[in-house]
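The form predicted alone is given below as one chain in structure tokens.
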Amino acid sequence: MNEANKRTTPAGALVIFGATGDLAHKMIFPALYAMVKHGNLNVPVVGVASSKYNMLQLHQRVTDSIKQNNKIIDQTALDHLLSLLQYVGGDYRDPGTFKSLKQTLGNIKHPAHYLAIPPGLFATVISGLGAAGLAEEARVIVEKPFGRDLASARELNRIALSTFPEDSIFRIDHYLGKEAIMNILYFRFANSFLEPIWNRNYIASVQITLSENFGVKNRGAFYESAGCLRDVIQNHLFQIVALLAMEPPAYQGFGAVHMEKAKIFQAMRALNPSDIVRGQYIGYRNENGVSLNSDVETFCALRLFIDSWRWEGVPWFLRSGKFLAETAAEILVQLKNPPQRLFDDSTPVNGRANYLRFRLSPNAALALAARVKRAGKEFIGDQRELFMQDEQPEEEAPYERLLGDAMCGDGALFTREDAVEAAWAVVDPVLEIHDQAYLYKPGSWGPCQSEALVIDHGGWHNPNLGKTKK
């Protein structure tokens, strides 16, 4: 079988390592249920975990997951999903666990192994799959974070590539499966009017905000090991930057898209401590699993530059955090002022000229800000938005889409080895060398110190849900 055919061969089974964990309960089983409802899943689903479950307990766990995530249950679909389930219990460090898995799979070809487990176990499971002969003509789906710095990412890539070829490794970032994120790529290259202005000559700056109005909940111990920079910015927000900044792909195909995105990561200037402001919401140290003297950031803002012909000198401002004023994700592409000031009011009071605004969540929208003259003899106007909301209630959920793509061998929405390592190289210098985390009040927009990053660019744009801007 040649490589092209191998990549497009549907998986004969889905193996879920960590089947009794929180990720499986919250995200994976609801996605599998949706796939069954839509007629996209009809192969065995083998759960693997260290828990001593029997099939009845696994069925109860899956049923509870589906009921918590769906108001109306399609009992036929649920029953069919339960009929596909099998279970293998055992320690991931025990070769006997993989022997049992191999016996359970029997003659099934091209299994897809999904590692919904703590990152510290990735290498153990990948090595176990290889030693048991379960990697041949198989795929592995690896949850983020893929490493926690450049060195660990390189080591994990080395281990993964010693067992699986690159085109059989699917590094999953659920954010890439969101419809609004995919639309960035489509909007950029399906519309010719953008290209003449999509460069350093017309764009003054770009801001990206991903905010949540809740805290770390029961993930305090995880956040202590990660922090906002690792958890959100190095992956989610960098992926958005790449889609906004990349050059047009040379041909129609995900390989060309991956190539251009990787070039953006490689062109990003490595961060230094003056480019970053870290914050921690008041009360974080009282969360379960959090150190009483923790300096881990629950908020991070940074200034980024892309040293390329198109983007030279254009600052990119990224911001994300817990317990902020809104739960939203927005992009603001700030255009430069007109080259000549023909009207006294041509520059808005808040310093913003024309801009494009992409709302990614909670509802997808696109807005273009332009100045419009008021009625009367005087040449005075107001800045108004042309606002288009793009709601698609029937869209696939990210995990449903990504799991389906991985099982079909479609790597378009996954991350490649070179892109992962290039992104880590950008943040690596500030992972350990940085200023202290400033405290901020829950419900605010983070520490006031972050304003210094954008003081010369009109300040931060704060998402204002449900309202258009004037």
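Only a predicted model underlies this, so the values are computations on that prediction, with no experimental measurement involved. In this text, residue numbers run from 1 along the sequence as written.
Keep in mind that the form predicted in complex with a small molecule is missing from the display, and what follows is about it.
Participant: Although the small molecule is absent from this view, report whether V232 comes within 4.5 Å of it in the predicted bound form, heavy atoms only.
Facilitator: It does: once the small molecule is placed as it appears in the predicted bound form, V232 has a heavy atom within 4.5 Å of it.
Participant: Check whether E212 has any heavy atom within 4.5 Å of a heavy atom of the small molecule in the predicted bound form, and answer yes or no.
Facilitator: E212: yes, in contact with the small molecule in the predicted bound form.
Participant: Would R219 sit within 4.5 Å of the small molecule in the predicted bound form, counting heavy atoms only?
Facilitator: So R219 counts as contacting the small molecule.
Participant: Please check if K322 has a heavy atom lying within 4.5 Å of any heavy atom of the small molecule in the predicted bound form.
Facilitator: So K322 counts as contacting the small molecule.
Participant: With the distance limit set at 4.5 angstroms and only heavy atoms considered, check whether K336, R352 and R384 all reach the small molecule in the predicted bound form.
Facilitator: The answer is no; none of K336, R352 and R384 reaches the small molecule.
Participant: Exactly one residue in H174, R171, R357, R303 has a non-hydrogen atom within 4.5 Å of the small molecule in the predicted bound form; which is it?
Facilitator: Exactly one residue meets the criterion: H174.
Participant: The small molecule isn't shown here, but in the predicted bound form which of K178, H110, R148, H258 has a heavy atom within 4.5 Å of it?
Facilitator: Exactly one listed residue reaches within 4.5 Å, namely K178.
Participant: Given a 4.5 Å cut-off on heavy atoms, tell me which of 232-240, 82-90, 96-104, 131-139 is the interface stretch with the small molecule in the predicted bound form.
Facilitator: Of the options, only 232-240 has residues within 4.5 Å of the partner.
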